[in-house]
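A single chain comes next, written as structure tokens; it is the form predicted on its own.
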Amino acid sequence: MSTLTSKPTKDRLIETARELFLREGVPQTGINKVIAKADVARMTLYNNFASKADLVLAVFEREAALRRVAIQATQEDLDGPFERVLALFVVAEDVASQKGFRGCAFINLAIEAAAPDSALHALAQQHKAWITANIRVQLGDGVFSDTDVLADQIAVLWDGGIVGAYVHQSDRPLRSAREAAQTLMRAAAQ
């Protein structure tokens, strides 16, 4: 029995949809493709999720949790705010190096949801707010002037680096963004 089919059905659906949504995009991935790849009946999908939107929400909630864990694990044993903040870019480089990388999953979700008042757009906003809050926490107090502004600036660099990595199919934009973040932190150090 494969690993995928040995998991509970709901988890199998989420993992299958996650793979497809991240690789192909939400609008391009129909329910029929998800149920075929997960090897479940249509009714099984709808017994677990009321709609495709509910499945998408579950997938990206899981993706946000996975990203938070990856970021925190990378930052965990590092000393000092410079190293912990710059670790975000290491995580982004890891994601960008994966086969089928399509840019930031949450920027894509916000664009694909196309409704700023939707639950999917709100989830993308929450994830981005978490990234900025994480940067703010890693910057700490007393080392940098105006850490709120600095955290916002570094978050924009991080997003821009990820988008650039996809557009140019290169990790160079992420390296440039990391260097710019380091420059900003040096300039803001008190």
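In this text, residue numbers run from 1 along the sequence as written. All values reported here derive from a predicted model rather than from experimental measurement.
This protein has a second form, the form predicted together with another copy of the chain, left out of what is shown; the following refers to that one.
Stretch 118 to 126 is the contacting one of 65 to 73, 118 to 126, 50 to 58, 33 to 41, since its residues have non-hydrogen atoms within 4.5 Å of another copy of the chain in the model of the complex. Proximity of Arg172 to another copy of the chain in the model of the complex: non-hydrogen atoms within 4.5 Å are present. Proximity of Ile111 to another copy of the chain in the model of the complex: non-hydrogen atoms within 4.5 Å are present.
Another copy of the chain in the model of the complex comes within 4.5 Å of a heavy atom belonging to Ala177. Proximity of Ile107 to another copy of the chain in the model of the complex falls within the 4.5 Å heavy atom cutoff. With contact defined as any non-hydrogen atom lying within 4.5 angstroms of another copy of the chain in the model of the complex, the contacting residues in 133 to 152 are Val149, Asp152, given in sequence order.
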